[in-house]
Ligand SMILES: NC(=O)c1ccc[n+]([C@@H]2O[C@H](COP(=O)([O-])OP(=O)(O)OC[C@H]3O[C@@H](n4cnc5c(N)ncnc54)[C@H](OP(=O)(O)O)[C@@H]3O)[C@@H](O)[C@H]2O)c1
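Next comes just one chain, in structure tokens: the form predicted alone.
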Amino acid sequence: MSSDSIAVAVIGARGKLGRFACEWFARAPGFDLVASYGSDVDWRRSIADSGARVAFEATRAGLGFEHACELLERGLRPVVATSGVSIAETTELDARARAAQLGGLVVPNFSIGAWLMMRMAEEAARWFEGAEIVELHHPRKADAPSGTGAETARRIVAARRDAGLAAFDPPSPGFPARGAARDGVPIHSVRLPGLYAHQEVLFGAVGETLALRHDMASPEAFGPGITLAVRYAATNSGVQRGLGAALERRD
């Protein structure tokens, strides 16, 4: 192990993202993959002794907060890739990390392109009268809407609130075909063979529409973002949310 490298453990190493993360850390300069855990291994027993400084958590939707708390208790810095960590839970993780003089990051999507799409959606949200999200993934994706779709909706609503604007009118109840409303923004989830990870954010105003679309063909698109996120989590204080925290502190 190089003295300058970051020792990383991967939890959820047999899942799609976890497998890719293991491959990425094995070949990316500046990282040492010191441990990997599948769902059949109780990582809690040995991860503190693995030598890992950062834990990349990529298990099952809804478990990210619980696992991040346990990692902080064991002195590791979590990078949570699992969807379902709420804003309130991120705030709680931040407080726990600061009390333990640790850091970490909660990342709904590691793609730099997806981050740019969300940033552009925040800007557009201030100028249009309505928005809807269509997210499309392979049929093996368990959660719907996706973490990226839910995060995009949250950021759209927050951008309007910060600008002093009213929330978008939610779709009328009783029409499920209009999508599942998250923070008042309808999200439509598509799961089909042949897809990997795609999202379109549609904005509408009188006489015009704006479409923002991001397409991923393979997990390779996550690699640069994973690198930035783990490097950031290795040294930051507290737990931040979103890849933007790491992108804005590039060095």
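The model shown is predicted, which means the values in this text are computed figures rather than measured ones. Throughout, we count residues from 1 along the sequence that is shown.
What comes next is about the form predicted in complex with the ligand, which does not appear here.
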Given that the partner is absent here, state which listed stretch (159 to 167, 94 to 102, 138 to 146, 118 to 126) has heavy atoms within 4.5 Å of the ligand in the model of the complex. 138 to 146
Is there any non-hydrogen atom of H67 lying within 4.5 Å of the ligand in the model of the complex? yes
Is there any non-hydrogen atom of F31 lying within 4.5 Å of the ligand in the model of the complex? no
Contact with the ligand in the model of the complex for G15, defined as at least one heavy atom pair within 4.5 Å: yes or no? yes
With the partner left out of view, is P224 within 4.5 angstroms of the ligand in the model of the complex by any non-hydrogen atom? no
What I'd like checked is whether I133, V185 and S189 together line the ligand in the model of the complex, meaning each has a non-hydrogen atom within 4.5 Å of it. no
Quick one: from S39, T209, S218, S46, grab the residue that has a heavy atom within 4.5 Å of the ligand in the model of the complex. S39
Taking heavy atoms and a 4.5 Å limit, what residues of 93 to 127 are near the ligand in the model of the complex? V107, P108, N109, F110
